[in-house]
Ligand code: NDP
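Before any questions on how it binds or moves, here is one chain, the form predicted alone, in structure tokens.
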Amino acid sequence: MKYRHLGKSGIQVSELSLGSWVTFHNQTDVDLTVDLMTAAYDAGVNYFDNAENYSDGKSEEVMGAALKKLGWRRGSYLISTKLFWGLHDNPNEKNTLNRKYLLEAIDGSLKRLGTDYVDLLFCHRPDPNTPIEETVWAMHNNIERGKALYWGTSEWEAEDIVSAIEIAERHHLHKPVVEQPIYNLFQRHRFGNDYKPVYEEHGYGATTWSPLASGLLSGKYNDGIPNDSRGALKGFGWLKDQLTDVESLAKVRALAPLAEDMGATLAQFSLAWCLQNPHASTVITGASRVEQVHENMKAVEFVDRFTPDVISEIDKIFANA
């Protein structure tokens, strides 16, 4: 496992990390989560991602209980969580980044995670109804209160990220240092031309999510939706159209020979492709079985095997370079 700086910040993250979305609580209990996190940690993973709204807070509870059992030294790993959607259907606690919510919600996350602080705290989505300046001040205050060490954004437009950075610099506040964008062979827009100033001029880091497009790029959906997959989970029916899209599945099948020639599984190939991006600080993986963790971690073995010819073939298949 190699480690990359989170943009220009001093913190280093493992190039592959483990996330909890969909899996923790929905597919894994505390004991299985302990096994998953152990497999990742033993492979060199030092970053574990979560969010307040994952399974309505249950994901944080499961991770917290697992960390308590594991008893790892706190300095040896990083935890992130994200705030925006909230857990209560009230005006000031739902779909917002207002000061009241951000200063209160972090306490609930920390309690569920069983930790005094998170290493990274994300604004899970932009909030057009709250001034960015208010959000920047609140996130700065969470860091000053010792609730988080760094903060960042997730799925924000480039101009809003730059605005947040400039506000922080103007007022000498802790500025955001990292974006958490979706990034995979199908979806590359968060690293498009609009974002060049974010990564190249401002030195933003990136903790990318959904590298396998919810499993589509692993090839597991080539013959339908398996009963034990996230595509079959109750409440995730909205994924069905994506996972059964004929055109997308054709691209995955066309990718298979390239992965086979490299000696990689489709999942390893797709993860290693994400790591070609110099602005991707870490690629967040997901797993519901220990075997999946082992398979995913081996993706680092293929990072240096993407020749210009292989990249060209990939771009022809996906036509979105």
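Note that residue numbering begins at 1 and tracks the sequence as displayed. Predicted, not measured: the structure shown is a model, and the values here were computed from it.
We do not show the form predicted in complex with the named molecule, though everything after this point is about it.
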(request) State yes or no: in the predicted complex, is some non-hydrogen atom of residue 295 no more than 4.5 angstroms from a non-hydrogen atom of the named molecule? (result) yes
(request) Report whether the minimum heavy atom distance between residue 221 and the named molecule in the predicted complex is within 4.5 Å. (result) yes
(message) in the predicted complex, does residue 202 come within 4.5 Å of the named molecule, counting heavy atoms only?
(response) no
(request) Please run the contact check for residue 54 against the named molecule in the predicted complex: heavy atoms, 4.5 angstroms, yes or no? (result) yes
(message) The chain here is shown without the named molecule. Which stretch in 66 to 74, 37 to 45, 286 to 294, 248 to 256 comes within 4.5 angstroms of it in the predicted complex, by heavy atom distance?
(response) 286 to 294
(request) Find the only residue in 124, 112, 147, 174 having a heavy atom within 4.5 Å of the named molecule in the predicted complex. (result) 124
(message) Check for me whether the named molecule, as it appears in the predicted complex, comes within 4.5 angstroms of all of 21, 49 and 212 - heavy atoms only.
(response) yes
